[in-house]
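Coming up is one lone chain in structure tokens, specifically the form predicted alone.
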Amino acid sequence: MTGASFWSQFELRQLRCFVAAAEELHFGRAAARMNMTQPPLSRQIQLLEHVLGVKLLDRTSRAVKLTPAGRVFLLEARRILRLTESAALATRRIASGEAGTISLGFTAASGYSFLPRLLLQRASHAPNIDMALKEMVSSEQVDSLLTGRIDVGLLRPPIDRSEFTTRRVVRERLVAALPFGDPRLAEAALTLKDFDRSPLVMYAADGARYFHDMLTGLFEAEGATPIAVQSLSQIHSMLALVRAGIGAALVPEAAMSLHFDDVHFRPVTTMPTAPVELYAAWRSDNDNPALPAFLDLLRQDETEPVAPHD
């Protein structure tokens, strides 16, 4: 008999009856444990022995003993029952949303502060929800949400898609990253006019459109015109240039967690006070059962801005 046809010949009920009898070594107690009478229990074990073609139990009027084959099969029967119980439990958890996997897109900057907090919340409040993390720029996240490649995105506005539900999860202040020896470090706080006609490491329009447009608008509103000495997409690369003395940079406060020697931070007064926003977005018709549990992890209120420091 081939492996597939062999295993398909017996039922889980037969295995449970056999395990009960093998562990109790008493048909009466085994039947009571299975909530059945003794004759049906004996019949199930006989059917199992017939399928296997071996004797599993030696039965006499005085005792029940496992045969050598029965001792081996007991180990396998227990393993099979554990696997089926584990599969059933996992299936129920996934169907109820208690377990599952969320594919999460995130921008590099959201990985500095918000994403680590979110992962800690998941570990303590939803340990059965796994996350498949995918670093993407915001525009790529929009496309991936539309195609179903990710379930949720952590991305920058604007998010003009009627298919999405969104929630703002972070508001941040801008802070000035200044090199060692910069005279502006003598000030406790700065304004945008402090950067007028001075070297500034700027965001690239093609790779960091959100921050480029935001800073351009803020400077225009204040009538300040910094000198863009370099335009980059990644904040850690901008801080490296600040450290080299190329110029200052304006970065979200979460970037203070990137500790560069000889790079110091000062708060910058802007209007609005916390112009940097991060949103969570997901398709409104997403039917992933794990999505509601994951959304519960997202902060209901916006993150409170924190005071910058060196």
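Just so we're on the same page, rigid core means the largest C-alpha set that superposes within 1.5 Å between forms. All residue numbers refer to positions in the sequence shown, first residue = 1. Everything numeric here is computed off the predicted structure, so don't read it as measured data.
Another form exists, predicted together with the DNA; not displayed. Remarks below refer to it.
Only one of 237-245, 252-260, 268-276, 32-40 lies within 4.5 Å of the DNA in the predicted bound form by heavy atoms, and it is 32-40. For the chain shown alone, Val54 is not a contact residue for the DNA in the predicted bound form, no non-hydrogen atom being within 4.5 angstroms. Using a 4.5 angstroms limit between non-hydrogen atoms, Phe27 touches the DNA in the predicted bound form. By the criterion of a heavy atom within 4.5 Å, Val64 is counted among the residues contacting the DNA in the predicted bound form. Put simply, Leu47 is close to the DNA in the predicted bound form: some heavy atom of it is within 4.5 Å. With a cut-off of 2 Å and the rigid core superposed, Pro39 has a Cα displacement that reaches or exceeds the cut-off between this form and the one not shown. Relative to the superposed core, Ala63 undergoes a Cα shift of 2 Å or more between this form and the one not shown. After superposition on the rigid core, the Cα of Phe265 moves by less than 2 Å between this form and the one not shown.
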